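Taking the form predicted on its own, here's one chain by itself in structure tokens.
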Amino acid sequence: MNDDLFTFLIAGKAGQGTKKAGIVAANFFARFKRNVFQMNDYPSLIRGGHNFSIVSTSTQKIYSHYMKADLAVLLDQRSIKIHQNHLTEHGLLVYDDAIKKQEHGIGIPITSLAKKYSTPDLIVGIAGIATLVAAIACDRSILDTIIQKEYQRNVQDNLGYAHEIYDQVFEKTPKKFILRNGTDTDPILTGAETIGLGVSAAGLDLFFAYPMTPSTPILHFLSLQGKKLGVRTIQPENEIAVANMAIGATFTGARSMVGTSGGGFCLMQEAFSLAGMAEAPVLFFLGQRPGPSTGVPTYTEQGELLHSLYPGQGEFPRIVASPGSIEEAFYLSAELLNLAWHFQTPVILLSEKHLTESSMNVNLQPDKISEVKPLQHNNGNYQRYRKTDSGISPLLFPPSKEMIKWTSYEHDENGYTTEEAEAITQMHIKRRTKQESLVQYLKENIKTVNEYGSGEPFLFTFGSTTMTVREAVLVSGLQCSVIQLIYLQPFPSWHLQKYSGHKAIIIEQNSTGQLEQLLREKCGIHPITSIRQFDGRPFDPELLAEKLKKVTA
């Protein structure tokens, strides 16, 4: 159990700066060399609705946010209704005194003081930061430093407003929170940022995307940082164009990546299959969110696992893998881009909104990443689809005196279209041989499963849920193992079969138990129980810990 945990929550309407306040709070905790996990919750609205940001911090390693806050700053009545029970036993509630007086909590004139300044609707988020600094008894000079760095527009107004809130909170909260300093900490990054950094370290040239939550933050990051990273971002007119342009770019030798979510990926199915036939090495980022259809676009879920395993029609090698932490996303995204080029096949980086938009401390070592060069043609007559022992054909890029022919039609080794029975059979065998080479390569060279802890029961999970499961195990104090599947296609049954017959619990964020279906079918793993959540929100580690204790009692 973490005895050094502190959680800060700020909630209000879209447009009141709650997300910004959460990011600033996370950076503030890092000043004290503390580890953090920050998560944002918001509807698909520009203004209004209910937004909140929550930041959990500790001097120890932390893998998830907690929903019980030690300090909650609530800016409107809806936030009071939603979060009034999200306080720890000795938690402090600070609310806008324009709201009806609360039995437990301190009312501060958050909105009335804001009216004195030039942007009253936008400035109120600063109240959260001023309250936080005052509640942990930091000097006001530290608040000034934060405001000057993080809220530079209208800085004098921001300073004046922050001082007024700070003074009132400091006076009305005689008992302050005392946070210990840590000894060391790593930079704070979001999953979108680590993915962008990972693929750029592996030589990404072009990123194609049409904005669609939760892939859009990757587009934003690479658009802003692409010049430094050597990546050019392109936003075509729709998702179909996105996928087709990415495939076309690989013909020239450009390392290409696509960003999308479920609905957009559905539109890309024909192109994905084209990549399978043309043997085009494209990396697809598929960010899961609740469906079907538009679903709940700004929330998180793991309902597209089965959909991701066999996209596009026909038989051809597919690779699907999902990072279990924001840090792992850096290394895995690079690994997948290299695998796409090594095996000349479309690859899916499967994740969720919870991972791409949350942030935590990460230790990235770019020197561990290299750009793996694909098999290339050296001399003689060039055959794009030459049959080899591995099923992998040498690549050649224009300009060249040799003919380079990629095609969507069934073809012979030269790339000429064919409908002859023997030629069709030989290309099927070629693609199947490549699939067999891929499986052997994963067995010998790639870590396909992560194992944390020791002993039974074995808790099976994948993707961002892994972070909460690891935190829940720490909270519960249970002696058990967390088994995280990194690779999902090809399914690493060779590694997982040893767990058959042992006590297993499967934890995932969908309603039908998609991971459970795979484990039952492919490995003979039959769980004693399953724990599923499918309300668009990530698991809370404390609630998950309670469920684990009950099912293991």
Partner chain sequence: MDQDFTTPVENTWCPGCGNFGILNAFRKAIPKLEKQGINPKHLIISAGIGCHGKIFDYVPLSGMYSLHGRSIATVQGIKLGNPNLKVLTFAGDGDAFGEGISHMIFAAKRNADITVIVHNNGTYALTTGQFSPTSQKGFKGPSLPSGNIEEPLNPLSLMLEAGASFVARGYAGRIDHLANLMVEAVLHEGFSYIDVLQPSVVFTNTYKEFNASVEMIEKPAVRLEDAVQLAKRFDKIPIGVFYNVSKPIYHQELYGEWNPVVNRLSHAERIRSIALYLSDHLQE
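These numbers come from a predicted model, not from an experiment. Numbering follows the first chain given and starts at 1.
One more form of this protein, predicted together with its partner chain, exists but is not displayed; see below.
- Of the candidates 159, 234, 482, 478, 234 is the one whose heavy atoms come within 4.5 Å of its partner chain in the model of the complex; the others do not.
- This chain lacks the partner; the member of 438, 206, 147, 92 within 4.5 angstroms of its partner chain in the model of the complex by a non-hydrogen atom is 206.
- Taken together, the three residues 44, 47 and 402 all lie with some non-hydrogen atom within 4.5 angstroms of its partner chain in the model of the complex.
- Proximity to its partner chain in the model of the complex, taken as heavy atoms within 4.5 Å, picks out 236-244 from the listed stretches 93-101, 440-448, 464-472, 236-244.
- Residue 361 belongs to the set of residues with a heavy atom inside 4.5 Å of its partner chain in the model of the complex.
- In the model of the complex, its partner chain lies farther than 4.5 Å from every heavy atom of residue 390.
- Although the partner is absent here, residue 200 is a contact residue: one of its heavy atoms lies within 4.5 angstroms of its partner chain in the model of the complex.
- Put simply, residue 254 is close to its partner chain in the model of the complex: some heavy atom of it is within 4.5 Å.
- Contact annotation for 486-519: no residue has a non-hydrogen atom within 4.5 angstroms of its partner chain in the model of the complex.
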